[in-house]
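Have a look below at one chain only, the form predicted alone, in structure tokens format.
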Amino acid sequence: MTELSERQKIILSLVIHEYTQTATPVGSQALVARYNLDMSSATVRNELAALTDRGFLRQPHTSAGRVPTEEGYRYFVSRLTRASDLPDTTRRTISHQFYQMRNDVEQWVRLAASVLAYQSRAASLVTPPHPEHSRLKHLELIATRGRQILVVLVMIGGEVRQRLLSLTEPVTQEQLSQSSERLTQLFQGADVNEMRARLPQMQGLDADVLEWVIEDLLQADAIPAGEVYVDGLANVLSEPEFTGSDEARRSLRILEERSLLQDLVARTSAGNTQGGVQVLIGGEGTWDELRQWSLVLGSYGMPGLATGTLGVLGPLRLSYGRAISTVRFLSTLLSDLMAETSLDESSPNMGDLN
């Protein structure tokens, strides 16, 4: 990326800061007056023209000021922005909210989406933690009516899957409980390959149930991103960029079509990074639907066990420093919570010690 002079870096940063706040083109006189610059309007105007020629700014109309381009935002994010830490009081408040609902992964995910939307004043997206290879933690079989049973799979990492199945013959709840207990003891922590290897040794109800478990785990492994929780839609639709009917409809489609968000999360393993946080600006030539958007993404969880994605989605003039800081803080907090929960569950209780 082309290097800028120190003065050009200052002016580009100020233009982006001003445009982020006002959403209106920025002129030389406004910059000199608002920021008390130690340079003339003519000097600033020349630098604005140079930044425009180099593709970092554009001029919507001949007599108008400048607005940042995608290249301008990319330079700002990669070279100039600083992630402003959240205030200590804010961090403590957020941490307290999460610790009040310990061990409830679904509530963590929903709360994370709410906090991200509120702190960034944009939209947010969060995926639940998803294992690289689904492993069984607990199995429950519940009789419903007739030959129908409810199979509840709890996987390591917190993901829960359930399905209704029909048996060829009626089975009592006692038989179902015994089967689920046996299979849980045999296959706790096992993945599909381990289950398949031992399937020929299973008989009767245990064999049938294990086949269903394998099928469910394969389906879980085939969904890289899983469900996507979204919050803060109103924050985005209130922005000037999205007040027009066409942009508003496009914005709604982006946030409501989970397939696009799932594809986005699954395919953003590469991109701009900022201390482990990925920044996607204008769709990066891949997603035409996102040409008016910026996305700040981070991951959380326990690598090799279960990980999820969280991020902030907003207009190109997103407040990048605050978004990066908030994503990074929540990524660390959720990772710590999952690690602590895993340790708690693996620690022996007093009865185990005797």
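This is a predicted model, so every value here is computed, not measured. Note that residue numbering follows the sequence shown and begins at 1.
What comes next is about the form predicted in complex with the DNA, which is not displayed.
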Next on the checklist: Among the candidate stretches 323 to 331, 294 to 302, 28 to 36, 309 to 317, which one is within 4.5 Å of the DNA in the model of the complex when only heavy atoms are counted?
Outcome noted: 28 to 36
Next on the checklist: Can you work out whether Leu48 and the DNA are in contact in the model of the complex, taking contact to mean some heavy atom pair no more than 4.5 Å apart?
Outcome noted: yes
Checklist entry - Mind listing which residues of 50 to 67 have a heavy atom within 4.5 Å of the DNA in the model of the complex? => result Gln59, His61, Thr62, Ser63, Ala64, Gly65, Arg66
